[in-house]
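Shown below, as structure tokens, is a lone chain in the form predicted alone; questions about how it binds or moves come after it.
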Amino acid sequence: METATATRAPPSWATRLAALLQRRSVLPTLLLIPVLVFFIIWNTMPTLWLLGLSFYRFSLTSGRPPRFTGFGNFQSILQDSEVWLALSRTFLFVFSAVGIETVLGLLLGLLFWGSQRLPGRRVALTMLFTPMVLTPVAAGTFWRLIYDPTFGVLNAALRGIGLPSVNFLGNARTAFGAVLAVDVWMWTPFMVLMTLAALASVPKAELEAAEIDRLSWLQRLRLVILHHGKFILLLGILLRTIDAFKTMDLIYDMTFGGPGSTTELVAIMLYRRAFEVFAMGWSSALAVILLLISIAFTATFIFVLHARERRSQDVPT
């Protein structure tokens, strides 16, 4: 009597894939693969290429191959007085812009937070957040026309009240303040948004308790509001500091770094050396230095953020 042996067909690729996806440990890894590939191709590899190129003397217009110079580009940058002047203007711009935006954002955020039933509040918030969604090039073109000494709206208003016209972007005394005002106008809404997010994290029970205890507005702001919302505010300050430090397109569209070098920030200098002079090795070294400065900003923020936690851990129990 013959016995027939039943043979099973091998599972299809779809069945194998479904069985593989059912494993909880495999699915998160598969979902991360596209993100990791994108990050490696568009972030890690260009950064490593930039770091390697910073040790070479290379110009796109010389026709010669890259020549290894070690830390020669970094030494040249540190000895360049124009770089130090551009860095000083950049730090002045960053601290002025972020400081003003933080103060205005905190005040406007508290104003909108305390006016929940005010008519037209949503319309006012929408209008306030409008500059933040504009591209820097569009905002720069828009304000360059407003500042124009001949047909600009601002100078027309000055002439209307009997004052002479002012070349805001062409005068070395007013150009830096003019571009700073545009950056404040554009990014103060971001700090308002961060302030509203910080205020939303404050427990209502503590606010009610502070009101029952008859604490003043400044005491409630310091002891309750800032106590719970300071981490979100610090995050907003960090993001604005890093973004302001690399500001280039807004100012370049308005003044091209002029008049002279009055508004030439370090990012504009980097752009000119890389894409006008084509000194790619020197520009790569400067980009590495700017990257290290941004990392220092982030490390300082993390240190401040966790300072209180470390102090509480050091207290003996």
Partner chain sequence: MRALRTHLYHALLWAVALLFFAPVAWIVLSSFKTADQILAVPPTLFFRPTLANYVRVLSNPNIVSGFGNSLILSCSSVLIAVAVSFLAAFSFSRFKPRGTAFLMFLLLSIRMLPGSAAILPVYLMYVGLGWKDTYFGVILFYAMFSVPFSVWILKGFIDGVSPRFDETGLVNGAGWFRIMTRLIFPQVMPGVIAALIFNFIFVWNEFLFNYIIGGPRTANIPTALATGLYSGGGVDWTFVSVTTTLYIVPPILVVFLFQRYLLVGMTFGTVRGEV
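All values derive from a computational prediction rather than experimental measurement. Basically, rigid core = biggest C-alpha set you can superpose within 1.5 Å across the two forms. Numbering follows the first chain given and starts at 1.
Just so you know, the form predicted in complex with its partner chain exists too; it's not on screen, but the next bit is about it.
Taking the partner from the other structure, its partner chain in the predicted complex has a heavy atom within 4.5 Å of a heavy atom of Pro189. At the 4.5 Å threshold, heavy atoms of Arg89 stay clear of its partner chain in the predicted complex, well away from it. Within this chain, Gly52 is remote from the site of its partner chain in the predicted complex, having no heavy atom within 4.5 Å. Not displayed here, its partner chain is approached by Pro46 to within 4.5 Å at the level of heavy atoms in the predicted complex. Contact with its partner chain in the predicted complex, defined as a heavy atom within 4.5 Å, holds for exactly one of Ala156, Ala209, Leu223, Val103, namely Ala156. The contact with its partner chain in the predicted complex, taken as any heavy atom within 4.5 Å, belongs to Met194 out of Val98, Ala178, Met194, Ile77. For the three residues Trp42, Met127 and Phe142, a heavy atom within 4.5 Å of its partner chain turns up in the predicted complex in every case. Residues Leu108, Leu111, Phe112, Trp113, Gly114, Ser115, Arg117, Leu118, Pro119, Gly120, Arg121, Arg122, Val123, Ala124, Leu125, Thr126, Met127, Leu128, Phe129, Thr130, Pro131 are the ones in 102-131 with at least one heavy atom within 4.5 Å of its partner chain in the predicted complex, listed in sequence order. In this overlay on the rigid core, Pro203 has a C-alpha that sits less than 2 Å away from its partner position between the shown form and the other one. With a cut-off of 2 Å and the rigid core superposed, Phe38 has a Cα displacement that reaches or exceeds the cut-off between the shown form and the other one. Once you line up the core between the shown form and the other one, the Cα of Ser115 ends up 2 Å or more from where it was.
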